[in-house]
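To begin, one chain is listed below as structure tokens, in the form predicted alone.
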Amino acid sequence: MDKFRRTALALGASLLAAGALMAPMSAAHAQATAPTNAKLKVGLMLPYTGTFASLGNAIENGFRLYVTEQGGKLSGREVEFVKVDDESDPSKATDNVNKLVKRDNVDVLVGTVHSGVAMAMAKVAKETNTLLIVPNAGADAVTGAMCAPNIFRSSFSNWQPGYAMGEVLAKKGVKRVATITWKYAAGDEAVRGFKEAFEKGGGTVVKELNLPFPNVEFQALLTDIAATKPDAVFTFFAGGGAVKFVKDYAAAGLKKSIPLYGSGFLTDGTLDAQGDAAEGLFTTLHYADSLSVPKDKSFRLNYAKTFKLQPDVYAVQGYDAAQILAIGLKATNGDVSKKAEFAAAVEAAKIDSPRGAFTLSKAHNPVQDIYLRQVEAKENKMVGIATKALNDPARGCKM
């Protein structure tokens, strides 16, 4: 009898141990084979505090607006949102994205604004083969050296608006330009794009000024600009930093003597706070407030009705991130595991955006018109097209 009991106990322990070992495997199998009518978990990793908070909120609003227009479902799957405040802090980025992927088991990642944080998101997305749609951060490497079949961008590369403005100023005959930005990926790459086109057109960048992100103590650098006396200044700032820079530039008396030009984020989503200091400024971007695009008219109306706010480029990029997701899901009948079919559908699509129709390159960055805009009565009004269908060079992409 004792021998029988010992054998039974040993067998029971073995079964328990086998069950424990199989549990993670079963969970992983269940996730991989989840029915396509299950809830679609979208992980929003965006800045909800700090200098970029308003940008994060606009992106989320745009994304939610598109989902709402589809009845709250994409390819028959009800959308569930899981949110993380990334605080625009690259040192927290890997932990934050891993929470969404490994703890919350999201089907797709959507984020972010800060280029340094986006790079960490792209790294984890590649390692885990999780779908990632970047609705703002322009870090060139995301669709360059870090490119992957499961990574897409609904916004721009930092190179694009900078390059377009370089072409504009070179064609205007401007010869000597100083640049100023935060010392981080977005600023560095925007200036590089500008410099590439401007010098190709015969201009010279006589001084490159920067300060640590998110520092907004500009006075010493403005004094340097006044002493250098360039023909013009090119800048990249966004959010709260852009507000203060534009106001400080005008207050220093430089606006009247040295024209200020910028990547469009200088004046997008910031005009109310900048007031008269922004009036007349020229910027380049893939969106403007006065586009004669039917999709833009319906988008702006629906956005204003829903959120009691006027949309900006960040809202457009969030809206188009949802469009990209919807296109891929339609091709796979809602199955996010079919990455190759998802990518093929998005690469073949012509996306009907409020900015005007655009496509995605093989590196999954938008091929899009870049507009020359001028601030007039608190609107970024289109003056013309700075560069038609500008395609980022995707340097380093091996896909």
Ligand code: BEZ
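Counting begins at 1, following the sequence as shown. Just so you know, these numbers come straight off a predicted model, no measurement behind them.
As for the form predicted in complex with this ligand, it is not shown, yet the points below apply to it.
### Message
Considering non-hydrogen atoms and a 4.5 Å limit, does this ligand approach residue 234 in the predicted bound form?
### Response
So residue 234 does not count as contacting this ligand.
### Query
Counting only non-hydrogen atoms and a 4.5 angstroms cut-off, does residue 132 reach this ligand in the predicted bound form?
No, residue 132 sits far enough from this ligand in the predicted bound form that none of its heavy atoms falls within 4.5 Å.
### Query
So in the predicted bound form, does residue 342 come within 4.5 Å of this ligand, heavy atom to heavy atom?
Although this ligand is absent here, residue 342 would stay clear of it in the predicted bound form, with no heavy atoms inside 4.5 Å.
### Message
Since only the chain is shown here, I'm wondering whether residue 282 would be in contact with this ligand in the predicted bound form (any heavy atom pair within 4.5 Å).
### Response
No, residue 282 is distant from the partner.
### Query
Pick from 115, 179, 160, 270: which has a non-hydrogen atom within 4.5 Å of this ligand in the predicted bound form?
If I apply the 4.5 Å criterion carefully, the residue I get is 115.
### Query
Of the options 191, 137, 243, 315, which one has a non-hydrogen atom that comes within 4.5 Å of this ligand in the predicted bound form?
So the residue touching this ligand in the predicted bound form, by this definition, is 137.
#### Entry: Among 333-341, 63-71, 349-357, 49-57, the region lying within 4.5 Å of this ligand in the predicted bound form by heavy atom distance
Single hit among the candidates: 49-57.
### Query
So which residues in 170-186, when you check this ligand in the predicted bound form, have a heavy atom no farther than 4.5 Å from it?
Sequence-ordered list: 184, 186.
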